[in-house]
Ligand SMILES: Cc1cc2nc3c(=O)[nH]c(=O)nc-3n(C[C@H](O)[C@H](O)[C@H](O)COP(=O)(O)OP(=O)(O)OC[C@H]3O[C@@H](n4cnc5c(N)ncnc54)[C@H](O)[C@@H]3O)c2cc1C
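Take a look at this single chain in structure tokens; it is the form predicted on its own.
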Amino acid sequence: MPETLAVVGGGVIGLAVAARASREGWSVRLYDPSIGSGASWVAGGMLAPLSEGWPGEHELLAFGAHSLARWPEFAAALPGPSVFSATGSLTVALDAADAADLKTIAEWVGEQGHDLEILGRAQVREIEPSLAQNIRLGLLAPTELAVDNRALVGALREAAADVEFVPEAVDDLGSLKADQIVLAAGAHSAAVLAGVQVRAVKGEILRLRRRPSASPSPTRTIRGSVHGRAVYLVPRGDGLVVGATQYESGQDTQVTVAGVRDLIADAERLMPSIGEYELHETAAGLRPMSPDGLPLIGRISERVIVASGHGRNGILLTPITADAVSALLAGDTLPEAKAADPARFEPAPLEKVRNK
């Protein structure tokens, strides 16, 4: 008889873990009342750890870069069409302070062995002519990618064809009859298991469709800052995803007028012609945030592994998380995932779980 595994949570992390374990011979049940409907369904799908780097954040940069490097092989193994929606990202600066920040990022990330390129105003307009003429500077990350998050959810469900899906919520891990358990419930993880240091942070996004008369979408992911608010435009086959707001608002997933207003206004500062697009959808999800920005991936008892707290980077970190959990299930560890060990927060309530 194969060993049994219960995966709690059906976002991209839970689906990837379940599909991988099933392929490796585990008998897997995945528990979620609504597969792929949470943060994974609302995500922008940016794979951009390099252009988000900042001096001193070595572990965040390294962890994200390790997962980005895994993405081509990870995606190639998925069934169906490619899930990639863009290659390359361009972060732009509208003022002198943001331009200085881009130069700082380029220098520091370059010192860590990653290639980023500073572009002047004319170069930005040359490669992305739909962007605003008053952009001062650009930071090009040619190896960063973007994924169609909803296509990814579908591909992972297909990859998990041998997994038994149980459409139920789990509020007590002790009730599960399985040899091993992986808690991958995202922003709901702390409600399932006390002591897991993950909190919910609300994010709103817009999905825009390009109308026939509208200007072409950028070919790369476009990121920038307007009035101190981060905004991004991520290409999709039929338009753009625009995101994202950020609120500490508990379990609230309602889209607000203020959030939509700010996203549209900020997006227009980067791409003035965006007003010609159709506002097709507004949505909000709950990011599972950890105290230090790194996820929690590790064993917290002989039977329980946590894989949560991925924050804004759940899509990016899916391949390395699947690799790390696979190693843990095999009685090993993944060296590249050491920084995500939940033991870094000890002494914490998790110690009580570990000693059970």
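The structure displayed is predicted, hence computed values, not measured ones. Residues carry their position along the shown sequence, with the first being 1.
Beyond the structure shown, there is the form predicted together with the ligand, which is absent from this document and is the topic of what follows.
Screening 43-51, 298-306, 60-68, 323-331 for residues having heavy atoms within 4.5 Å of the ligand in the predicted bound form returns a single hit, 43-51. Contact annotation: of the candidates 78, 170, 116, 214, the single residue with a non-hydrogen atom within 4.5 angstroms of the ligand in the predicted bound form is 170.
In summary, among the residues 264, 192, 151, 159, the only one with a non-hydrogen atom within 4.5 Å of the ligand in the predicted bound form is 192. By the criterion of a heavy atom within 4.5 Å, residue 220 is excluded from the residues contacting the ligand in the predicted bound form. Using a 4.5 angstroms threshold between heavy atoms, residue 285 counts as touching the ligand in the predicted bound form. In the predicted bound form, the ligand stays beyond 4.5 Å of every heavy atom belonging to residue 196. Residue contact check for residue 141: none of its heavy atoms lie within 4.5 Å of the ligand in the predicted bound form. Relative to the ligand in the predicted bound form, residues 5, 20 and 155 are all farther than 4.5 Å at every heavy atom.
Contacts to the ligand in the predicted bound form (heavy atom within 4.5 Å) from stretch 294-318: 310, 311, 312, 313, 314, 315, 316.
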